[in-house]
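The chain that follows stands alone, in the form predicted on its own, written as structure tokens.
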């Protein structure tokens, strides 16, 4: 069996989990290829008999770059798939939504894996307590998950009554927040990203690393509507030219 693992990762958390799952698959005798989402090509999907999709959780859901990529997947017919996520807060209905998105393209999710990862969101720097995640034990569990996957795929193929994963719907306040954090509402709620032209050296680091290609240089960084509010540009700028004020939102949320 050939497997393909596609992952999106900014801090390296999800990449480490992807690598661990890949090691587990290989230990079970599965030929596995692991690639970053930006490098994944349609022909890779066609060659694989098992496809894995991994992502961090942004704003209680999979980030837009992952969602849009899944929507463009080449159509399949009952191809086995698995999902995995890393999260620092509450993932709410991320796995449930990914299962539905993949199902629309003809992929059947046979199993999922979750792991804690440290939260790099700027507003939580002072309050988050999961630094250092995922830990060695979590990566070991990820590898064990990978080893078991070939068995799950076998059962899926052989058993007409194969029980697909059921993800309990999460409602309440967290669901409300997940619905709130999208579209134009983000512009109203979260700090605006702008580069201080007095500090910016126009090195292009932000443009080169923006996961959605939302930044252009003209001659200073300009951010368009493809921005998914990950604030990576603010974190990696070598001269800290991006300035954002999180204090009003911290006070409102009592963080």
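Computed from a prediction, not measured in an experiment: that's the story for all the values here. Positions refer to the first chain, counted from 1.
There is also a form predicted together with a small molecule; it is not shown, and the following applies to it.
K.L.:
Residues 41, 64 and 211 are flagged as a possible site; in the model of the complex, is every one of them within 4.5 Å of the small molecule by some non-hydrogen atom?
P.N.:
Not a single residue of the candidate spot has a heavy atom within 4.5 Å of the small molecule in the model of the complex.
K.L.:
Does the small molecule get within 4.5 angstroms of any non-hydrogen atom of residue 230 in the model of the complex?
P.N.:
Flag for residue 230 set to yes.
K.L.:
Report yes if any heavy atom of residue 235 sits within 4.5 Å of a heavy atom of the small molecule in the model of the complex; otherwise report no.
P.N.:
Because a heavy atom of residue 235 falls inside 4.5 Å of the small molecule in the model of the complex, the answer is yes.
K.L.:
Could you tell me if residue 86 has a non-hydrogen atom within 4.5 Å of the small molecule in the model of the complex?
P.N.:
Close contact exists here: in the model of the complex, residue 86 approaches the small molecule to within 4.5 Å, heavy atoms only.
K.L.:
So in the model of the complex, is the small molecule close enough to residue 150 to count as touching (4.5 Å, heavy atoms)?
P.N.:
No, no contact at 4.5 Å.
K.L.:
The small molecule isn't shown here, but in the model of the complex, which of 66 to 74, 23 to 31, 50 to 58, 200 to 208 has heavy atoms within 4.5 Å of it?
P.N.:
Heavy atoms within 4.5 Å of the small molecule in the model of the complex occur in 50 to 58.
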